[in-house]
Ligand SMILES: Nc1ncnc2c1ncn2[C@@H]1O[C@H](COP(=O)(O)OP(=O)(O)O)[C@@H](O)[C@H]1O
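In the form predicted on its own, a lone chain appears below as structure tokens.
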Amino acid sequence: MNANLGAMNDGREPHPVARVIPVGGGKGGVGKTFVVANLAARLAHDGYRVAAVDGDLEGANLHTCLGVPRPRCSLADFVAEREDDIAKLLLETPIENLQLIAATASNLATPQPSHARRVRLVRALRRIPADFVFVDLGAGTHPAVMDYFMIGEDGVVVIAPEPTSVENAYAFLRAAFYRRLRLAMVSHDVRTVVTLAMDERNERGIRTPVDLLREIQAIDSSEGARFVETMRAFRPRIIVNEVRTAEDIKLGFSVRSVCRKYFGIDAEYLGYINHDEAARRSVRARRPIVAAHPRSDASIYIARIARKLLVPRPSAPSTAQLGARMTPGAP
């Protein structure tokens, strides 16, 4: 394990389980793959052992961003049960300390793994011999995407400063939270209500987690407490990509505020990456911008975000604090 990472644990032996960071966003084209490739490359450059996993079996291109020729073995072999050892799918990249699991050559008829296979994959990702494992998620809110996003407590949502991206980001967060909530609930009746609430036009008028909490508390107060605890643990992180103006920078704070006020979710604004023509050149050159243009503006902002990922997260808000937030008009 990297000495720097060990130092973060007050001199104690670092935890052997890899820190898994899934990166999603709901909408294609917001720069998820660019963010994964560059954060992974930046941390690898700093001496950490990093693995980048392409979880987009229907639109794999992480290997291209990392300069790896189209691999023959990939995550598709795990999905198709041709390979059970995920470590055997790790490929070397041109960047020292950075390995890749590609997602090429998938079966278009059944590109997504079964639920049982997803569970095995999630467990296997934690056992990859690395300090950090980044997972580049596909677009949309498919159950497989949601399951990967919920692997750990470090899920990142990438947003572009445009209305469609913001709208899809909210839909992505809502879907991820409701799926997590449904899995956490014990009562069959409560799980049924959660499933109903996932339909935004449901006949009971449940439109927000605040509405859903009221319904659950009316059924079972203990499940209501579990609801708040589940919300307390759901703490996604936000990155705004392709920033051009001061208003674009503020978008991250606005999304965070909306998440707190209307969803009761305590999101963290990790930072932003400004628009940089060097980024386009680096993609064409099939090299991460932090390697091709390390002094570019975008590389500087990526390095700042990477440093934030090294810092232990502050404690989650208390149950009482979250309960207070989950009222109409709460700050």
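Residue numbers here begin at 1 and follow the sequence given. Treat the numbers as computed from the prediction; the structure is a model and nothing was measured.
One more form of this protein should be noted, the form predicted together with the ligand, which is absent from this view; the next part is about it.
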Are any of the heavy atoms in R280 no more than 4.5 Å from a heavy atom of the ligand in the model of the complex? yes
Find out whether any non-hydrogen atom of G271 is located within 4.5 angstroms of the ligand in the model of the complex, and reply yes or no. no
Partner proximity in the model of the complex: S74 to the ligand, non-hydrogen atom cutoff 4.5 Å: no
So in the model of the complex, does any heavy atom of R286 sit within 4.5 Å of the ligand? no
Look at the stretches 66 to 74, 259 to 267, 39 to 47, 26 to 34 and give the one with heavy atoms within 4.5 Å of the ligand in the model of the complex. 26 to 34
Taking 4.5 Å between heavy atoms as the contact cutoff, choose which of N241, N168, N97, T141 touches the ligand in the model of the complex. N241
